[in-house]
Ligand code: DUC
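A single chain comes next, written as structure tokens; it is the form predicted alone.
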Amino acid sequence: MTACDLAIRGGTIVTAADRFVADIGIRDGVIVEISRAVTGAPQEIDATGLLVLPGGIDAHVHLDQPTSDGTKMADDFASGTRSAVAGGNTTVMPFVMQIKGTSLRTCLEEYHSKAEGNCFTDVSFHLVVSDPTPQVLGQELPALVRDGYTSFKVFMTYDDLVLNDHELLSVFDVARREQALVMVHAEGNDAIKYMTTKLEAEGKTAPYYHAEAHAQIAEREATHRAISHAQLTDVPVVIVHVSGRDPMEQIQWARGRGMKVFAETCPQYIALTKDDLKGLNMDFEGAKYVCSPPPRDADSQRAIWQGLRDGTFDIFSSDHCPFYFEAPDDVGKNNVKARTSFKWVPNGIPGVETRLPILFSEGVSKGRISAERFVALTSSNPAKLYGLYPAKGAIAIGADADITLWDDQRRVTLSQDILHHGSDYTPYEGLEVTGWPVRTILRGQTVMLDGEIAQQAPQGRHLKRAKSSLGYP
């Protein structure tokens, strides 16, 4: 037996592959013992009757990100990571947004300065490539991959972010050469702009029509095009925030041909539909649900659940992108310009704190997926996909003691009043969930207990990453 400074006793440990009752011994923030009985630890946590899960890893969040339209993101690193630990997460993966005309490394340094000393979770950055200049492709990206930033995101829509096909292929080629992973926001920009112009000409400008403009057809086409580019360059890709059956079929088609195409989906695609964008009566309340891709219909929800069960989806992330609804100085979703047309409504909804409870309740508690599958989707697979495993995403000897204690019987009604994010609303207001995180432990230290943030000061660290253990041998 190994001397421990903390023992977690009597809980049911659930991993991606197994469940069993055992004690966990922790020393210096690392798991050093898993046995029938850990003895001699000066500090003990009684987990009897609780599930003991690896800490959640939310691999897709946006924090303190500048916008091009004057609106303001509602979470900085302190409020966003505080919200994350309240929801049972121990690691989040935000994006470094490259501003066109600016060095990618300069943008990265700015995000590090925002995050330093302000994070309640551990943090690891993805890079967004919006300006793939020869210097970025030839010097910055290769150097940054070697520094542990082993994933890039590219966009196929948004005028200030979209890359053309040649640019996409160039980024994919660098990723393959450096053994990095490419994340793709797959929506066809031209199709969306065409539909937007058509709907506006017909006077259809309410937030609901955002869902019509961002049609699933445009997502399907872009997904197929991204897969084709990945096939041409022989690079593994992640199609992020997949919303329904059509793009799923493209992913399944690629996998049937042996391609390494990974898929992510999010809470909005199992808990919301496009009808939520109608608001109370096609009014502006629907702007609270505007995100891209938008929620779809009941058939899409059924398809998403099938994909969560059968392995089409590798990970389940929040795509936390929080804006204010009402805000002074016209910086929220409810701004003057947004009221003229859905195309000006800021795209994004808060969700980092509610991600785990929604999937557990709708999935595990309702018998759609097992608790082991829940762990795989929300912790173990993100760690493997993005080069953090086995230090993260595992309850195993040698892993970081990142642990969430989960009451699988507790019922909670989601409400803005109980959440910790910076936004002034939640799109899941009134949703009752069964299953709730009651304690979050980061490297052996309790950071959340019964909904209260327990740390006196943020202890989160930045994590350098290896290459994807799923994407590359």
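This one's a predicted model, so the numbers in the text were calculated from it and none came from an experiment. A residue's number is simply how far along the shown sequence it sits, counting from 1.
We do not show the form predicted together with dihydropyrimidine-2,4(1H,3H)-dione, though everything after this point is about it.
The listed set Q98, Q216, S292, N381 contains one residue whose heavy atoms approach dihydropyrimidine-2,4(1H,3H)-dione in the model of the complex to within 4.5 Å, identified as S292. The single contact residue among T102, N347, N189, S170, judged by any heavy atom lying within 4.5 Å of dihydropyrimidine-2,4(1H,3H)-dione in the model of the complex, is N347. Although the partner is absent here, H126 lies well away from dihydropyrimidine-2,4(1H,3H)-dione in the model of the complex, with no heavy atom inside 4.5 Å. In the model of the complex, at least one heavy atom of K153 sits within 4.5 Å of dihydropyrimidine-2,4(1H,3H)-dione.
Remark: H421 does not count among the residues lining dihydropyrimidine-2,4(1H,3H)-dione in the model of the complex, judged by a heavy atom distance of 4.5 Å or less. Although the partner is absent here, Y158 sits close enough that one of its heavy atoms falls within 4.5 Å of dihydropyrimidine-2,4(1H,3H)-dione in the model of the complex.
Screening 438-446, 401-409, 42-50, 56-64 for residues having heavy atoms within 4.5 Å of dihydropyrimidine-2,4(1H,3H)-dione in the model of the complex returns a single hit, 56-64. Residues of 231-251 placing a heavy atom within 4.5 Å of dihydropyrimidine-2,4(1H,3H)-dione in the model of the complex: H241 alone.
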